[in-house]
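For reference, the chain that follows is the form predicted alone, supplied as structure tokens.
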């Protein structure tokens, strides 16, 4: 099945369809939406179109429950962000929120019903040790204790090992860049930091600039993170729709992608968002990004792989070739993140010297 034909994809693309969907169609929507972490987002989409009152009672229960869980998490995220802001107050580092936490705290449409497992922040690399120390003083501790993993994160990656709070179990990913320093694509963190924007009515909190938010989400997804692929592509769809109302957004998006070395991820993001969610993208933007497409055989292969990888992890969407597609894209992600000699060393170490299990 093509991802565009999955029930949850159609529901997000055409919420009004659900007012006359059959019981079997609703069953597919609920099951796929739950696996893709998109039920709460669907609730908000239906509410925005005044469709909720026209839905059958049984699926409405599932949508309402997902909305309650998402709203509860939103309250917890606001609390945690406040605690992080307090913890790093003396670090002389801006607190730039990324991804789900940024969408929620900035009041963006993409934050409504968005569920996520951790809070991602971006700080200048020269201040990252100060930020880590401050967070540890306020109860967050490292989740990676293996010496190799510590070196892996701190030498090659774009973030330090995740930090988990000892009481609340909240997890923070502290980034100093949006892609690993060893990656083939090299978006300059200084450009992202310089363009960061304050969140209105939230002193001390920042997000990436609108174009940079889209490009970060595209780089995260199309450089190898497909665990929540359909949700992340839905993020991109909603970000593009909301930011399109801002003067100069579309005119600056492709030039910014070139400046940040993220043109290819943007090409995939625009193409797939338009195909799966009917995102309204100006023709001149599609024309401007077209030269960044890969060769015809490469494009055909990637289209086939992405169609399978973006589908929800549910038997009604995944086919016999889905594991192969995910495996190939996983290998591609590592190829994009590391040069061959480092990738060989890393894989050999993981295969021959796995981390010791505690106890």
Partner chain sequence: MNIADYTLPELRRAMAHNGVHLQTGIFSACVRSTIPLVAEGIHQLYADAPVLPAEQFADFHVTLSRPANIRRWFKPQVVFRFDGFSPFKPLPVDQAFALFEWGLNWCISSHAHQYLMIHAAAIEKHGRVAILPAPPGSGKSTLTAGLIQRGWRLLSDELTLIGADGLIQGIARPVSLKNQSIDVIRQFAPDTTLGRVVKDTIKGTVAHLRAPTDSVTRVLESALPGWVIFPKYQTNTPATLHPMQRSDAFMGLAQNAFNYSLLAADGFQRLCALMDASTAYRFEYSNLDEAAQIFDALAERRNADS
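Residue numbers count along the first chain shown, from 1. Please read these numbers as outputs of a predicted model, since none were measured by experiment.
If you look for the form predicted in complex with its partner chain, you will not find it shown, but the lines that follow are about it.
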property: is_contact(residue 30, its partner chain) in the predicted complex, heavy atom dist at most 4.5 Å; result: yes
property: Distance check, residue 68 to its partner chain in the predicted complex, heavy atom within 4.5 Å; result: yes
property: Any non-hydrogen atom of residue 61 within 4.5 angstroms of its partner chain in the predicted complex; result: yes
property: Any non-hydrogen atom of residue 286 within 4.5 angstroms of its partner chain in the predicted complex; result: no
property: 4.5 Å heavy atom contact with its partner chain in the predicted complex for all of 35, 72 and 314; result: yes
property: Interface segment, criterion being heavy atoms within 4.5 Å of its partner chain in the predicted complex, picked from 290-298, 325-333, 46-54, 22-30; result: 22-30
